[in-house]
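In the block that follows, a single chain appears as C-alpha cells, in the form predicted alone.
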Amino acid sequence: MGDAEIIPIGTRGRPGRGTGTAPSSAARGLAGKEARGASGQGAAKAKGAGSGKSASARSARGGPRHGADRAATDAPASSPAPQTGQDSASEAASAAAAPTPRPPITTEERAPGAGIPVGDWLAAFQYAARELFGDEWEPELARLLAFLRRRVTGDYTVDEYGFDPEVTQRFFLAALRPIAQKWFRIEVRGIENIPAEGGALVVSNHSGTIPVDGLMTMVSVHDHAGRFLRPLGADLVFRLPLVGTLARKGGATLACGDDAERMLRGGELVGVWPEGFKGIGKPWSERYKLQRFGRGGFVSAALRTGVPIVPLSVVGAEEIYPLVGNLPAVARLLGLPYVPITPLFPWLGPLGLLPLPSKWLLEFGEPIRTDDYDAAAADDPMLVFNVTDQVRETIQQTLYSLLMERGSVFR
C-alpha cells in the first residue's frame, strides 16, 4: 500500500492530462492568439510542476526505481496519448456544429427581378385614382393630365384682366366649395334673379372682418347659376404680392369705373361691395347696419352700360370674426386699414384666424333695371344718388327680414 500511486479522479489514468481529449478546431478558432499563447504557457508550467513533484515523491519512497517502473510512470508525461474513437467522434460533431462563414452578397448575385412587381405598381395606382376621382376615374384622370399638359406647353388663354377660368374652376372654386357647403352651410335664395347671360351688376353688403363673404359669393354663384362672378377689389388687394396674383387669376380686377364698364359691356357678371373696408371693419355693436355706399360709382357704370343691378343680402358673415377691438397704431405701421381684435385673435395666434362656423343665408333680390334711362343719366348726380339709395334700402330691409327668420347663429 505504501508504494501505490494516487491517480486523480477524471484523468483516465494519466496524471496531469485532464480528459486527454485535444480541443476541437472550432474551440481553437474561438480563442485568440493571446489566449492560445497563455494556454500553452500554463500547460508548460503545469508539466514542470508535475515532474518536480514526481521526483520528490521518488526520493521520499527510498531511492530510484527500476527501469520498468520508471518507464511506466514517465510515458504519459513525455508523449501524448492516442485518441479513442469516441474522442474523434466528439471532435467531428463540434466541427460540424460550428457556423460556416458566408461570403457577402454583391449586386451581381441578386435576382434580376427583385423589387415590387410592375403589376403591383399598376394596381396601387388604380386604387389611388379611384379613391381620388371616384368610379369614373379614367376620364377624370385623362382631363387632369390634359390640363397639366396644357399648363406645361402654355396652351391656355387668359383675358385682358388676367382671369384664368380653368384654374379658377379646377382649383380656386374647388378649394372653396367644401368651406361653403360643410363649414358655413350656405343657403342660396333668389338665384333665378341672376341673368343666365349678358352683363349684370351684383351689389352686396360687406362684413366679416376679413372679406370671406366675397369668396363665398363667388362659389355660390358659380354652383347655382353656372356663371363666373368677376369681383371688383380694392387697391390693397392688388398691392399684396401673392394675393394680387391669385385675385387676378380668379377673375378680380381693380374697383374703378373704366374696368367695371368694360366688363359689363363685355357681358360679364360683375360683383361689387360698396361699403368697402368700412363694412368689413365695423365693430360688433354695428353688425348688419349698412355703412355709406360711397359716391355711387357702381350705379353710374350700370347706367352707362344699361345692365340690371341685382341686390344681394348676406347674413352669417358678421359672426365669423366678431370684431371687438382695433389696433390703429399697428395698422398704420403695416399700412392696413385696421388690425382686428376678436375673441380668438391674437390670443390664440394662427388658430385665432379660424372662422366660426356660422350659418349663412344669401338672398338675391329682384333686379333693378337701368336700360330705361338714357346715356346722359349717368351724369345726373341726383339720379345716381336716388338709385344708390334704392339699392341700399333694398339690401338693408332684406337683412332685417333674414335676421328675423334666422333662428340660431350656428344652426
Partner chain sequence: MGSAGKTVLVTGVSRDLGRRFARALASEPEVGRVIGVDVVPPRGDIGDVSFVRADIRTPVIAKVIAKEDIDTVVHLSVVSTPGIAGGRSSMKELNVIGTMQLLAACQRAPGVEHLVVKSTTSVYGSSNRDPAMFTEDMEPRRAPRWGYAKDVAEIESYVRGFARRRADVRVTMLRTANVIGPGVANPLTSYFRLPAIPTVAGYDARLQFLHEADLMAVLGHAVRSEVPGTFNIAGEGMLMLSQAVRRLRRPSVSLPGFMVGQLGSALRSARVADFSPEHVSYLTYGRGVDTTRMREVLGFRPRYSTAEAFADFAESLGVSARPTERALAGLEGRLAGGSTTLGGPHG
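Numbering follows the first chain given and starts at 1. A quick note: this is a predicted structure, and the numbers were derived from the prediction, not measured. Throughout, rigid core stands for the largest set of C-alpha atoms superposing within 1.5 Å between the two forms.
What comes next is about the form predicted in complex with its partner chain, which is not displayed.
Handout entry: Option from 236-244, 274-282, 202-210, 333-341 whose residues, in the model of the complex, bring a heavy atom within 4.5 Å of its partner chain
Key = Partner-contacting stretch among the options: 236-244.
Handout entry: Partner contact for residue 151 in the model of the complex: its partner chain, 4.5 angstroms, heavy atom
Key = Taking the distances in the model of the complex, the answer for residue 151 is yes, it comes within 4.5 Å of its partner chain.
Problem - Proximity of residue 142 to its partner chain in the model of the complex, heavy atoms at 4.5 Å - result: Yes, contact at 4.5 Å.
Exercise for the section: Examine residue 198 and determine whether its closest non-hydrogen atom to its partner chain in the model of the complex is within 4.5 angstroms. Expected result: Judged by the heavy-atom cut-off of 4.5 Å, residue 198 is well away from its partner chain in the model of the complex.
Exercise for the section: Decide whether residue 215 counts as a contact residue for its partner chain in the model of the complex under a heavy atom distance cut-off of 4.5 Å. Expected result: Residue 215: no, not in contact with its partner chain in the model of the complex.
Handout entry: Non-hydrogen atom within 4.5 Å of its partner chain in the model of the complex for each of 368, 373 and 408
Key = None of them does, since no heavy atom lies within 4.5 Å of the partner.
Practice task
Go through 192, 138, 120, 166 and name the one with a heavy atom inside 4.5 Å of its partner chain in the model of the complex.
Solution key: The residue in contact is 138.
Exercise for the section: Heavy atom within 4.5 Å of its partner chain in the model of the complex: which of 177, 130, 292, 227 fits that? Just give me the one. Expected result: Selected option: 130.
Practice task
Scan 256-277 and write down, in order along the chain, each residue with a heavy atom lying within 4.5 Å of its partner chain in the model of the complex.
Solution key: The stretch touches the partner through 256, 258, 259, 262.
Problem - Post core alignment: residue 136 C-alpha displaced by 2 Å or more between the shown form and the other one - result: Yes, residue 136 moves 2 Å or more.
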